[in-house]
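Next come structure tokens for two forms of one protein chain, structure 1 first, structure 2 second.
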Structure 1
Amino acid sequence: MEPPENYVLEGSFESAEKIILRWDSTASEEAREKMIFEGDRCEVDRYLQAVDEIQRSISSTSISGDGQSKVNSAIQIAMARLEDEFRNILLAHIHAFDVDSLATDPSSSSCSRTESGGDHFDDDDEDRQQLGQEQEKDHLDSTTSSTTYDVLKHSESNTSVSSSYRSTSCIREIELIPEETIEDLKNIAQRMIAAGYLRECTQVYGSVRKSAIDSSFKRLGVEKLSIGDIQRLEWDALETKIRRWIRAAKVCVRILFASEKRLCEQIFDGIGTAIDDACFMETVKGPAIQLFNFAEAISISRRSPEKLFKILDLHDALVELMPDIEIVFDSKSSDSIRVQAAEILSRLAEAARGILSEFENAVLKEPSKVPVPGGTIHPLTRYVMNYISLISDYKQTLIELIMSKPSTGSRYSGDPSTPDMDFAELEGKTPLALHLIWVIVILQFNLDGKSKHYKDASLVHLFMMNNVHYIVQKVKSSPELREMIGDDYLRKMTGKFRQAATNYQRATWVKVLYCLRDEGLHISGGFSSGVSKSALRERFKSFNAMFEEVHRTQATWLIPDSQLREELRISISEKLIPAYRSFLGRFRSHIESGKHPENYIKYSVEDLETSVLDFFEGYPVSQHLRRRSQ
């Protein structure tokens, strides 16, 4: 006869079995249509107690044969039911929060850190300003994409970012599922795992929560693109996606993934060894790889100058996120995510260094040979100076990334295709500052070569004056750039454009002023002495012809900077007007006493003063005359 307690056990099992079978969805229409956890809480408790009773029966050594078979059948039915309940509860909470509101919430994209630093990736900088609003095309190295001129954009501001990962308070975990519901999920998970249904439990959990993340990804604009797909996109399209990715990555790491991790801990912590971490990785590994694949694709894409600033944005965003990544993915099983993020960061840094080097090479070898009309500022000059002004905006990041001096520019290299640069004169400069100075050196070297395509020597000097002056003004207008370049080098460049202005005046006006000299006009000897009228008439004719040609030609030349234009006109007037006034005062009477004086004295002093105002406006004299008559 069996001990009395066995009768109790069998009676308890039979009661539990009835409850389990009543909710067998394969045998009951009512069980298929209703969910236990959506109904009466007493029924929930009864069902869980029944499952517990069945599980206790499994470990009983007194059940054998048919009894064991019934227990196994009951547990299978119970686990299938619990799996359905588990899935149903999870599905009911897929849309538990609004990712759009989180993405626009400042606290989701910026945070306080224990050291200096913060986010400067404000997504309100919708399409940043085009580089200096100047769209000069077809002027950089033909091997460099022409879109270089189109896509360089300016970031609103930049703050210091350190290459070492800093402690963070950026993570903001939110409630994905209400606490009372989590308790139900925990109760189900405990029983499924205790019955040996760990894999089924984690698969259901991972599948449903992964679909929740997919839904959030779509709303954040994170697309399912392979690395190949991303690299085939046009850069204009990629720029928009990069901006969107930075915004989304902050929400994903700091809120979405962090909250998923917390949910796994709430449900699975204490049930078994590292089950919570296994479920977390089951849920987020695929989405995390998808998220970081985008940044990886950018980091290994073809390098070209127009990509530098977006790559730096990505780099800075990832630097800011790394402390959070290390906290969210802190387990051994998530090593691969941390490693991937760190490798992407390293490749982005290398890409930035490589792009700067390629940019320098492209500036040096930019091949255009057609002179710009009127000796104005060359598109290459505008492009390069706007580019390095933007580089200075990323000073803090680039100072950390650029660690070596320029690889070219050694003094006495003997290579005529490369300018010299004496680093000894720039002692104490950071490698980044040396690179920026080197870019200016090679820009001037290239411009000097381009100036040789002008046939007029005066225009050669005017062209160099315009362009070096523009370089100086751009450096002065950027405090960051000026600090790196330094006032000593700035003075050196100022001296260059002033020397070019002096050279222009010599090339143009020495010949004109030579007509106003006294030598050769006086005659002496015999019975008479005085002024040779014929020689004097030739002098006036020569002056008139030369001045008219200079006036006609140089009115079409252009000095875009109004202050520089005015300074040069004043300098011309200070030499020309007194010399002409003196010459006219000394010799006017000799011409006026002869025939047709108007053929020789064609200009009054006031006429010359007015004509000088036409110089360097960039359009023909006829237009100046029409302008004056209006």
Structure 2
Amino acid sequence: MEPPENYVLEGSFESAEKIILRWDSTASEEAREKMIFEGDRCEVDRYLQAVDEIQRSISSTSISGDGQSKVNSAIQIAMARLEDEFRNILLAHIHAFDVDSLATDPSSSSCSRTESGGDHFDDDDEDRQQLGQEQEKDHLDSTTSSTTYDVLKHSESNTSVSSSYRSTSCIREIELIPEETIEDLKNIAQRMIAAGYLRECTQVYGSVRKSAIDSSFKRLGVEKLSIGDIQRLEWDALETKIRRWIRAAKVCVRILFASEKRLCEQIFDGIGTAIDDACFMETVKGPAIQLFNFAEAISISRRSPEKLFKILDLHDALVELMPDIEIVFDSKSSDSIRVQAAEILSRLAEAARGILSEFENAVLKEPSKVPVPGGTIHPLTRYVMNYISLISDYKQTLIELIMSKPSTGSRYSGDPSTPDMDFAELEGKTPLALHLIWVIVILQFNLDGKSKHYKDASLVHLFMMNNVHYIVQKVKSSPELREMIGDDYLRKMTGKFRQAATNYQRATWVKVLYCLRDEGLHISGGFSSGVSKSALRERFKSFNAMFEEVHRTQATWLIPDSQLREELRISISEKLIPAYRSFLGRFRSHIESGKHPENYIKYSVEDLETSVLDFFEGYPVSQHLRRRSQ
């Protein structure tokens, strides 16, 4: 008496229920041991159809209370089964992603092999430019590492970072799970969600995919370091980790996370509002936070000058990644990730500014009092000039980050511990350029203080000459630096070291040349208008003694720059030689006519000329003086 449809329905339901019950893992050994989706495709189809049938029965009004209970039971069993199948399929595809090839040097050119289509190759020009930039950063004064200020020796080229540019310079989703499998996953997900089992589905999905990401993280070298761990690490070790992190972060954001997002979209597409997004966040939120925690820890670490360049690298990498972060984490639920990344970026910028400030402070207050032997280039000078050369390499980034002028003493502050600087005359310069000029100003200020520790006044000037000259040379050798410092200031400094050279000459040679003056030697009036032989002898003796002293001392002084050395020697010669020649010419006869002339005329002109060549070589000459050749 039942209408035919119901009869048909009952039958369909029963056969469907049979299939469901057959695969109840709590009920049978066989059901436990085999997985439906690993077996016969027909069985898969049959099972899915059975699930659909049961689903239809739920909404069927013709089934009575008892029947409803059976239907619900069948649904639950089916869903539990589907959950297991879902998990099983996902687990089988955890390690499909070959991380290693993406993070290594492209010279092994293996990165294209893992993708299954849709390669986006980036602009080669961009890479060449990047590479060029890296190599520029390589250029360091080779003498730096031998000084105590060798903190810069690790700011060398980042060629290893550039190697990943080619493969990870833009978002590139790869296939984490093959298409056929995705079909299966979709089929399962659809049915679970239709039956109201969304949460179970996303739970399984999230936990398995999270462990997949976990293992990718391990292979990329993304570590679980606490802020305390990072604080305790030596900067050297941290630099390596930062480099590795930059490489890994690019892969994570552009490939790993982007691919997970695509996978969610593929599996949960069209099933419900924002389900794919919820799944994606379930999977990726934890790992993303873990990833960014490292950069965050770096951004809050204590500031010291040697950290600047790696922090800038990190900053730049994050700037580069931000657009991709915003694309991958574009939903409301991923706000916190975007926000964290933006916060880290701004902290890194702050850190860079703070470090620059620290650096300026350190240069101003650098307290070492031990004078550099020979008046040569002070390690501080080398360090500072190398540092700001590197800064000029990072000009692009820093120009945007440094926004305020340096805080300097005002022209009339009268504070003796800080130099004055009036920036009015430096109109039109970027704040970065002003900072660099300021650094040079304080460097000179500090050097000036250090120079006062030399006992010999001549050395004070020589030291300043050497160091200011070095500064000028370094500025000239870097086009970016030169452009920022400006030729005006360069001219000022040139004038300064030339003045120091002049001061040196006055300090040393005035008194020496004083011995060769005319006045006081002639006796006027009376019967003999002639030369006082005793005075003359004194003069020669003084000259010899002074010159010997100066020669002995200043041979050990050093002017590292050969051209400057030459120039100064020539300048000395130009004053000394003609004066001596003329003195000798006029007065030698008087000495030679007396006793022991060799005690008084110790040098020939050639002797002097040769001796001048010993000056500023940086090592002592033998005390055996050349005798008169005649």
Partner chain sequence: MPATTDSSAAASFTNIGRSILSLRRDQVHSIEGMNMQHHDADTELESFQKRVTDRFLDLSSSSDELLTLSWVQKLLQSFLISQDEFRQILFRNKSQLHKPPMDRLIADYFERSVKALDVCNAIRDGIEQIRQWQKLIEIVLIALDNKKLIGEGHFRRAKKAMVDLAISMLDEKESGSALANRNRSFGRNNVRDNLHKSLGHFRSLSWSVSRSWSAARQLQAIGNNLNAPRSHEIMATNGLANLVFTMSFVLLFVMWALVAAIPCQDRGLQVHFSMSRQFSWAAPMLMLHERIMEESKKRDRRNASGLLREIYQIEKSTRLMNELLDSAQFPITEEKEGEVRQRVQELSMVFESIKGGLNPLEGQVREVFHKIVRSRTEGLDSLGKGNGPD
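Quick caveat: nothing in here was measured; it's all calculated off a predicted structure. What we label the rigid core is the largest C-alpha set whose atoms superpose within 1.5 Å from one form to the other. By convention here, residues take numbers in order along the sequence of structure 1, the first being 1.
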- Would you indicate whether the form predicted alone is structure 1 or structure 2? 1
- Query: Once the two forms are fit on the core, has residue 32 moved its CA by at least 2 Å between structures 1 and 2?
  - Reply: yes
- Indicate whether residue 612 shows a C-alpha shift of 2 Å or more between structures 1 and 2, with the rigid core used for the fit. no
- Task: Please state the CA displacement of residue 21 between structures 1 and 2 in angstrom, with both forms fitted on the core.
- Result: 2.6
